[in-house]
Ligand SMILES: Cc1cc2nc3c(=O)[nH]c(=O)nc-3n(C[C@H](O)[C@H](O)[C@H](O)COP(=O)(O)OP(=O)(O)OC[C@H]3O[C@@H](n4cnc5c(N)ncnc54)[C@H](O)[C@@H]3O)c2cc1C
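Next up: a single chain in structure tokens, the form predicted alone.
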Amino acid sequence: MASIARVLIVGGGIAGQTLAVALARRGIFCETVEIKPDFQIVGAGMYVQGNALRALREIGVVEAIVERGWHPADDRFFTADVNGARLAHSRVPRIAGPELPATVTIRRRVLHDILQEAVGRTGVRVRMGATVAAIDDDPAAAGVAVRFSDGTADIFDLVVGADGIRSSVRTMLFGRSDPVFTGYANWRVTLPKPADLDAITWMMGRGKSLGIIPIAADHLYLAGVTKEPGNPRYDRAELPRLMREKFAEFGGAAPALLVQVQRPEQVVYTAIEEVTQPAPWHRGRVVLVGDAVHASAPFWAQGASMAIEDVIVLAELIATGRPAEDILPQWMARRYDRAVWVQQGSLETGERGHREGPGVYEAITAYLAANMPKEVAARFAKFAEPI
């Protein structure tokens, strides 16, 4: 059994780019293949939580993320009722160290650019507009034979499927398994940030919620969640009107922001889906990471953080010089329980906060006022554990 000297990364998103840099910095050859012809990033803003910042220190991009993103000076975020009245505040611990923020919020496009720039500095080859067409992992062969969609072929010691929620590598390994709709959908839009808006606030409505989240000195994003029975497909031209109407009950800073949602291209509407892939997440010398195996609901904002942790641990194990047959079970033991805990806890939090019925809204807001800070403290104590 040989050590891992050549790695193919399928997917050029957050997980794939992080892994490419982590491997290159350790002197391990890798190549990335990305099906998109160019990087058109869908999304508005996102969180890079402390556990992800801790992991990303290993690839030298944390300073750029802090500089180009946003974070509250006091590491707090607020929970409010539908009228904007604050119910509770939670102070998030600084997992990555006292000199770094507890959480950075950032435009998804900006984070992707930072990672892409880091990949560029390593010289790792990124093949755009192509993907894997076939994988032949004959145990008797010296490596994994890969045929690409452009007709070329190569051999690698390890193939990593970082190709997202609709992973083609997952299908090749385990057969077709579609993501599962949770019953909820995200409504996201980026807007100019008023100068006096300097806090992350999540407002709880009746069966819905709305986050007001700064992501730069001059921009914020609205992140709304609604129940969407039947997973409807809305006409894109109707999205601005629908978003304004669905969140019209919210007060505080929300009305002045929602009135600015006027153009279809502003609104990113996505069904919230999950992937729950049974263990193991590897077969032979092929492994799946991130959303390809544990895509989760966004209520803990940990999807990207879990993917980043996945690949940092994987890079660490690859660098030990042991073969895939040895390191992948160890990687699985370090990642499975943690990722599944996040997936289950995140969805439970969302379901609890979006219940409906007589007296339910009052019960939810009373519960949050009494319990939110200690729940957040317990959750982040778990995030702070070694990976």
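Just so you know, these numbers come straight off a predicted model, no measurement behind them. Note that residue numbering begins at 1 and tracks the sequence as displayed.
Omitted here: the form predicted together with the ligand. The next part is about that form.
When the ligand is considered in the predicted bound form, only one residue from Gln277, Thr131, Gln116, Thr122 comes within 4.5 Å through any heavy atom, namely Thr131. Though the ligand is absent from this view, in the predicted bound form it lies within 4.5 Å of a heavy atom of just one residue from Pro101, Pro214, Pro298, Pro240, which is Pro298. A residue is said to contact a partner when one of its heavy atoms sits within 4.5 Å of a partner heavy atom; Leu53 fails this definition for the ligand in the predicted bound form, lying far away. Looking at Glu309, you'd find every heavy atom of it more than 4.5 angstroms from the ligand in the predicted bound form.
For Ala20, no non-hydrogen atom is located within 4.5 Å of the ligand in the predicted bound form, even though that partner is not displayed. Among heavy atoms of Arg108, some come within 4.5 Å of the ligand in the predicted bound form. Note on the interface: of 250-258, 83-91, 163-171, 229-237, the segment with non-hydrogen atoms within 4.5 angstroms of the ligand in the predicted bound form is 163-171. If you take 296-319 and check each residue for a heavy atom within 4.5 Å of the ligand in the predicted bound form, you get Pro298, Ala301, Gln302, Gly303, Ala304, Ser305, Ala307, in sequence order.
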